[in-house]
Every structure is written in structure tokens, then in C-alpha cells.
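One chain follows as C-alpha cells, the form predicted alone.
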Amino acid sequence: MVLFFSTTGNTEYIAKQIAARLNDQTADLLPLIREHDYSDIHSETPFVICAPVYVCEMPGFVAEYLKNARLTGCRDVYFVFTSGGYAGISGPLAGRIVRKKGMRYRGCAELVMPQNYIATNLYDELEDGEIERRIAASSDMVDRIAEIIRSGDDLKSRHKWLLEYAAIIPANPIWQRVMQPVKQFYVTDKCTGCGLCAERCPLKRIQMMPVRASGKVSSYPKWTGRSCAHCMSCIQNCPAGAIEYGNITPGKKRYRFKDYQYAAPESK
């Protein structure tokens, strides 16, 4: 079974392509993560877990879910990570989780996809041509990944250096606490109160608050807590383009995989 968490569609696409080649099923982890639902997930075939990379690691809430989830049946677990260019130490940390559960870690693959993190000016916006190239290149790797899993071999990724562990492990929680506040998220008057942002927030950091205008009661999103995962699900998926982050995101192009699905080889 192929399990996935995805915000803008990159990881979901890869997961479904792998499942199609393995003639297997997929399961979206978002509703399970949101509700802390650790019910049994049974699979007679290897588990393939597809996840994005946040700050050089698998998202903390995905890791926490996997630590508590009851995966039954086959004991083999593969991972496939999607990132904007650097997967950090996601693989080794995933392996640690799997082994503590008494399961067999069968390695990981790292795919470079279009990055969707726009709440910073550290990264240049990708041109459409580069977005299309990354999607096509990752799609080409899916066949190889599926064949390795089908044959029962291990997935192999690049060597991780000790310096990477030393830099990432202590820095990650500090970055999340200091660089990922929620207070800078806000909505413009384009907001329709549809509530999609609240429905898709993996940490339930968004509440829909009632507001009366012109004699009618509507609602608008309010971000709660001190920080969040900065998964960008709310800002990227807003159908009205009404969500912004401080003075960083106004004017920036939004990214959703479905807008570029034509670049995938099977769509041509």
C-alpha cells in the first residue's frame, strides 16, 4: 500500500503513479493526521510512504503519525521523498522510526519537484520551464522506483554526512519555532469564507470565525497558536488567492501540481 501526505499535489502525484505501476492502493494520510487516527492500516504488500521534506526532514507531524500508527501485514517499508532540491536527513530519520516499530526499512528515494514554499525570499521563483522539467524528470524516475520495489530490492539514496546530522538536528526545532510563526498569515477582502484552508490544515491551526457584514453572517479564517508547519497548503490552495503571508507573498505566483500536470509524460 502506498501512503502519502501532500499539500500542493507533488507527493500525491508521485504516490499515485507508483501505486499504478505496482497495481496497489493509495491512502491519503491527511485526515488520519488531522484526527490523530492511529487505526490499523493493513497491507499484504510493502508499505511505500511518500512525503514532502520540510526543513531538511520529513514533516514532524508525519513522523509523529508514523511513530504511533499501527501498520500490519507486510513488515517492509519504503520511503519516497519529494523536495525542492535537498532532502536532508529525511531517510535516516525515517529508518529510525521504522526500526523502532519492529519493521524493515528498505531505503528511500529522493525526487526533486517544484518547490512551493513562498513564505520566504530565500528562494527564487521557478520559471514555468523549470517547473515542467522537474515534473518530467521525477515522472521518469517513478518507473525505476516501482521496479526496485517490485523486485524486492532496497532503494538507495546518496550518502548522508555526519556534518548534516550535526547541523540539521539541533537547528530544525529552532527554525520551526522562530521562523514559522502563524501571526503573519492573513486574508484579503477576496476571501469568500469557503473554509478550504481550515479543512486542509494538518495541524488544525485555522479556525473559521463568524463575521456579520451587510446583515449576513459569513466567516473568515483565523490562524491560532504561535507557529505551524508552514506546509503552505492554505496559501497555495486558496481558490480565491486571498491568503497572504506578511509582505513576502503579495504578487508571488501560487503553485499547485494540477496546474502543471500537462508536463507529466503520461499527460502528453
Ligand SMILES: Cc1cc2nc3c(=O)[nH]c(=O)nc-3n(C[C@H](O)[C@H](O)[C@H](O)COP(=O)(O)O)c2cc1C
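Note that this is a predicted model, so its numbers are computed, not measured. All residue numbers refer to positions in the sequence shown, first residue = 1.
As for the form predicted in complex with the ligand, it is not shown, yet the points below apply to it.
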- Message: Would you classify residue 117 as touching the ligand in the predicted bound form, given a 4.5 Å non-hydrogen atom cut-off?
- Response: yes
- Query: residue 53 near the ligand in the predicted bound form, any heavy atom under 4.5 Å?
  - Reply: yes
- Query: Given that the partner is absent here, does residue 86 sit within 4.5 Å of the ligand in the predicted bound form, heavy atoms only?
  - Reply: yes
- For residue 231, is any heavy atom within 4.5 Å of the ligand in the predicted bound form, or not? yes
- Query: Which of these stretches, 70-78, 108-116, 141-149, 157-165, has heavy atoms within 4.5 Å of the ligand in the predicted bound form?
  - Reply: 108-116
- Query: What residues, if any, in 164-196 have a non-hydrogen atom within 4.5 angstroms of the ligand in the predicted bound form?
  - Reply: 180
